[in-house]
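A single chain, nothing else alongside it, follows as structure tokens in the form predicted on its own.
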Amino acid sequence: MQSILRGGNRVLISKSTNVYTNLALERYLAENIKHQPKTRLLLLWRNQPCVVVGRYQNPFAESDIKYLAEKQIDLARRYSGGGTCYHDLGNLNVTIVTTREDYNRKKNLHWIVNTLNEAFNLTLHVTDRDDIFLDTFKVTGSASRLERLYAYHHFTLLINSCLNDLRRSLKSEDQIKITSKATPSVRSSVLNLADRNNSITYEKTIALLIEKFFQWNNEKNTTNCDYIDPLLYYEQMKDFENELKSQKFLYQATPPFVYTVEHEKQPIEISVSNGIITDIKGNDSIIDKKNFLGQLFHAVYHNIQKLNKT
């Protein structure tokens, strides 16, 4: 079994399309790789349809929980901050892992922009928020995790995603009902790269990034590139993957919030902390508080929706 933890300038492409497996792989590599100064690891991966919220976000405010369940679209919380993303097989995820000292988001983004612009005759640009736009359309968002010894910066590239599914999955009717200090996503109009240049494909983009990554890093050993099956490293990664799959991490890591429903014009305010309902303010004749207090909000979410009558 190949070593995926050796240092130097390397490219790894995940064979998995499972969001929990790929997020676990990313964290495992970042924590355990033999980091060397002035070198980078490029990890490329994509997922089956899923929604990924940032570490400090509220999944109810960022996505349509009911729709995701109906369509069997996975919902995950990642270890980095930033906003919510929709992933599918037409969306490439790019992770750049370095030492903490070598962490440089702007440099990473300008490399990807220059690479794509030159190869595909595009006019991509990096914004002050570290997003990548094509004219007025967003094609990638950006997020990072910084630790004492290492850092990783990851971002998406909309190549040929289903934008209707993206918009529908991220349309939350709960957003206006929630009061919270959780990080909100900044909504933008989006565009696939292939909509501007139909010669762009996932396969071409992968090949391009591999080639240009080694040139960018002045790396002569261009064979330092491997497709890997994360399942071969399940024992090493399982603690991360189990945490990512857990309801506790997905829902109970949500920052405190107040969820307000209206029953015949009478407001009911439900306070939630660590995913647990801690207080309810409203007419006792409308809501039987003892059935909700102390309960996990996500576990009684559908019952709460039944209270919402205009």
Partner chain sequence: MSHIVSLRSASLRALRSSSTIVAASKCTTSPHRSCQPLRKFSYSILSTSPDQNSTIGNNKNKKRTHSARTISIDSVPDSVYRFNRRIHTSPVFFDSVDVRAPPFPESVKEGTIRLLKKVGDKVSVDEAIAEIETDKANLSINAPEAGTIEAYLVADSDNVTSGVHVAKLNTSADAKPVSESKTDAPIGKVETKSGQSIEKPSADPAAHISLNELSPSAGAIRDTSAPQKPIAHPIKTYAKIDPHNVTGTRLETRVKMSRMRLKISERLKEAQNTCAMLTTFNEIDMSNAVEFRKKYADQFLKRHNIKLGFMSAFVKASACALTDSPIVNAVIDGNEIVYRDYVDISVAVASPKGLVVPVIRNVEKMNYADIERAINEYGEQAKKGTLPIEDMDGGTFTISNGGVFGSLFGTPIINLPQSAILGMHGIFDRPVAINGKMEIRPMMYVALTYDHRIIDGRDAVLFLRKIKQYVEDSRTMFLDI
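Numbering follows the first chain given and starts at 1. Given the structure is predicted, the values throughout are model-derived calculations rather than measurements.
Another form exists, predicted together with the partner chain; not displayed. Remarks below refer to it.
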Query - Listed range touching the partner chain, judged in the model of the complex by heavy atoms within 4.5 Å, from 167-175, 221-229, 87-95, 74-82 - result: 74-82
Requested in this report: Could you check which residue among N217, N104, T115, T99 gets a heavy atom within 4.5 Å of the partner chain in the model of the complex?
Outcome: N104
**Report entry** Partner contact for S142 in the model of the complex: the partner chain, 4.5 angstroms, heavy atom
**Finding:** yes
Query - the partner chain contact at R55 in the model of the complex, heavy atom, 4.5 Å - result: yes
Query - Contact flag, K238 vs the partner chain in the model of the complex, heavy atom cut 4.5 Å - result: no
Query raised in the report: Is there a non-hydrogen atom of D130 within 4.5 angstroms of a non-hydrogen atom of the partner chain in the model of the complex?
Result: yes
Query raised in the report: Going through 176-192 from first to last, which residues have a non-hydrogen atom within 4.5 Å of the partner chain in the model of the complex?
Result: K181, A182, T183
